[in-house]
Ligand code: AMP
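Read the single chain below, which is given as structure tokens and is the form predicted alone.
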Amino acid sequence: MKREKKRACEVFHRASRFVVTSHQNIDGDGLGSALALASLLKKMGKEVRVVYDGRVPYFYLFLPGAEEVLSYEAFCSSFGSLDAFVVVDCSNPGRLGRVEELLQKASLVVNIDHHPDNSKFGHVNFVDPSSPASALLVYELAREMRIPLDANIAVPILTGIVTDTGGFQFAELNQTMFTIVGELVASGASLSTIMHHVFRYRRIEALKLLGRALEHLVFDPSYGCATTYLTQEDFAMCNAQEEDAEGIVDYGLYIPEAEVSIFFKEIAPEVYKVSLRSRQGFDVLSVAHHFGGGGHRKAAGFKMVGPLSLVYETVTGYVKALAQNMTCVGEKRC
């Protein structure tokens, strides 16, 4: 891993023109990592563009450089040759949407990520599954290259850390993390501002949508699973967008006895994005892999096609069987 970090730094020093991108349905870590790295490279005198196949969610527009993110169409019509293509916080190229077409044409790809199922698709792969956030890997690169931090770098890095740790709920806030956060704050990042935008800044349409999801919420104590769903009809009734469903999957774990939370979101007619969250003892990444998705041990997802009833029964049936098998093994009854 140290070798790959040094190789990434060598690319950043040697090349002049960069494109930086991240996965679709972008979150704070993906966007924060991309914007922080772009600012870092600009500080080194490089020419950089950030491109994303989608719309940046409104609650992340406070990030420095967010307004400069190019759509796929805008990028294709305005940018010529490049030296290196950098992908952050993305486990495989299929998650890039149409930007994958650009990646396939790139002669040099740098892959920076912390997902345990990363496919190592880059020519350089700085991948560390032990890192709580990809943004922390950007921080490591800045330190490796001895580039001084400023607000344009520190704010998106801290946003990535806050987002992927659930406000430091999913990663131990140890002395090392305290030191890094302190350095980012000293460099111009406001933790309170970031926490506000990430967790407490939502349109009224998003709050109405949350209400619909909570109406659909059910809990099965037999295997500690909370589930909810939103159909396209729910979105239409609330005049809501897909980004307004951000964070809804986490509510299932508010239930004290819940071990796993599943959220079914209809993104097209009978096409569902299934999001999973879990506590320490339940590996939802294995569930996502079973259905062709990916993510982390405690946060993962995938897509499934079919009527809600079939999708719901298929997924919950698999999770229930997995949970019961874990209980069986834990109690040594198998």
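Remember, predicted model here, so these are calculated numbers, not experimental data. Residue indices: 1-based, along the sequence shown.
Quick note: we don't show the form predicted in complex with the ligand, though the next part is all about it.
Only one of the listed residues (P64, P57, G54, G294) places a non-hydrogen atom within 4.5 angstroms of the ligand in the predicted complex, and that residue is G294.
Think of it this way: in the predicted complex, the ligand has a heavy atom of just one of V48, V69, L40, A300 within 4.5 Å, and the residue is A300. The partner is not drawn, yet in the predicted complex one stretch among 87-95, 220-228, 174-182, 233-241 has residues with heavy atoms inside 4.5 Å of the ligand: 87-95.
Although the partner is absent from this view, S275 contacts the ligand in the predicted complex, with a non-hydrogen atom inside 4.5 angstroms. Proximity of H115 to the ligand in the predicted complex falls within the 4.5 Å heavy atom cutoff. Of all the residues from 142-168, none has a non-hydrogen atom no more than 4.5 Å from the ligand in the predicted complex.
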